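This document opens with one chain alone, in structure tokens, the form predicted alone.
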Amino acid sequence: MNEKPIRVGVVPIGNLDGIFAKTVAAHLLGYFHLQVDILSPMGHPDYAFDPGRRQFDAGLILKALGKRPFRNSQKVIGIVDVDLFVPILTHVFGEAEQGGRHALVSLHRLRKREDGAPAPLSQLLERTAKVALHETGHLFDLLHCREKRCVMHFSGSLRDLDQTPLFLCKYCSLYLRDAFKRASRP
């Protein structure tokens, strides 16, 4: 049986430096061996701003991604530089439709060190890559992993995220490989 390649689209949302989309694309290709296209940017998500929380509703941005066709992309990852929330959490670094098509990566909280100073660019890009790999795992139905040495481990703080590796544990690797096989079937 011929397998079709899995194509992932990376969409900058708002005015972002191109280095972030290129970083996400490079890591999805290098670590997960996915075909990646950097797509045309979307406008700033003003529609998702919640004045009560002074943050942006990740669910509304995911819905907006869902309204765009992205015909050549099996999965789509948006990158945004706003502070995201979901109703049950104070903030999220990223959000994904579990087993679905769309995910988000937020740079907003990744830009800072724990003392509030700006994070060096190398640390910001590594964090961006980790969140993108993690959310991509969710798109292929991986759940949070108990293993701290796995990119699917839940990171509630920057300290957690910085201690998380850029790779999957052996169990999540096996699960993802099977998920890719299922997704590649014509």
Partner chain sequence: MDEKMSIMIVDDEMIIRESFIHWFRKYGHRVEAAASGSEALEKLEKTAFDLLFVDIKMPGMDGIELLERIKEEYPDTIVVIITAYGSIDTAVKAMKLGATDYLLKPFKPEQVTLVMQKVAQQRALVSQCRYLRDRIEEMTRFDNIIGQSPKMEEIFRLIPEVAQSNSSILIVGETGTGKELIAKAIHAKSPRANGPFVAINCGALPDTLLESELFGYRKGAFTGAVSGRKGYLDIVSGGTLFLDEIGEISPKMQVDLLRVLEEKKITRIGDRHPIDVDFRLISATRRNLEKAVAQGNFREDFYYRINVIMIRVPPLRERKEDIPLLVQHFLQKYSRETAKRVDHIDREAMEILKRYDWPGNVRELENAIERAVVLSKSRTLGSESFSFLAAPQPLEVKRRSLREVERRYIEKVLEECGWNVTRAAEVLDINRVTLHKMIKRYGLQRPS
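Everything numeric in this text was worked out from a predicted model, so none of it was measured. Positions refer to the first chain, counted from 1.
Beyond what is shown, the protein has a form predicted together with its partner chain; the following relates to that form.
S.K.: Test of understanding: in the model of the complex, would Ile38 fall inside 4.5 Å of its partner chain by heavy atoms?
M.R.: Output for Ile38 is no: heavy atoms all beyond 4.5 Å of its partner chain.
S.K.: Answer for Arg111 alone: is it within 4.5 Å of its partner chain in the model of the complex, judged on heavy atom distances?
M.R.: No, Arg111 is distant from the partner.
S.K.: Is there a heavy atom of Ser122 lying 4.5 Å or less from a heavy atom of its partner chain in the model of the complex?
M.R.: Ser122: no contact with its partner chain in the model of the complex.
S.K.: Does any heavy atom of Thr90 come within 4.5 Å of a heavy atom of its partner chain in the model of the complex?
M.R.: Thr90 belongs to the contact set for its partner chain.
S.K.: Only one of 26-34, 65-73, 149-157, 40-48 gets a heavy atom within 4.5 Å of its partner chain in the model of the complex; which is it?
M.R.: Contact criterion met by 149-157 only.
S.K.: Between 116-133 and its partner chain in the model of the complex, list the residues on our side with a heavy atom within 4.5 Å.
M.R.: Going through 116-133 in order - heavy atoms within 4.5 Å of its partner chain in the model of the complex - there are no hits.
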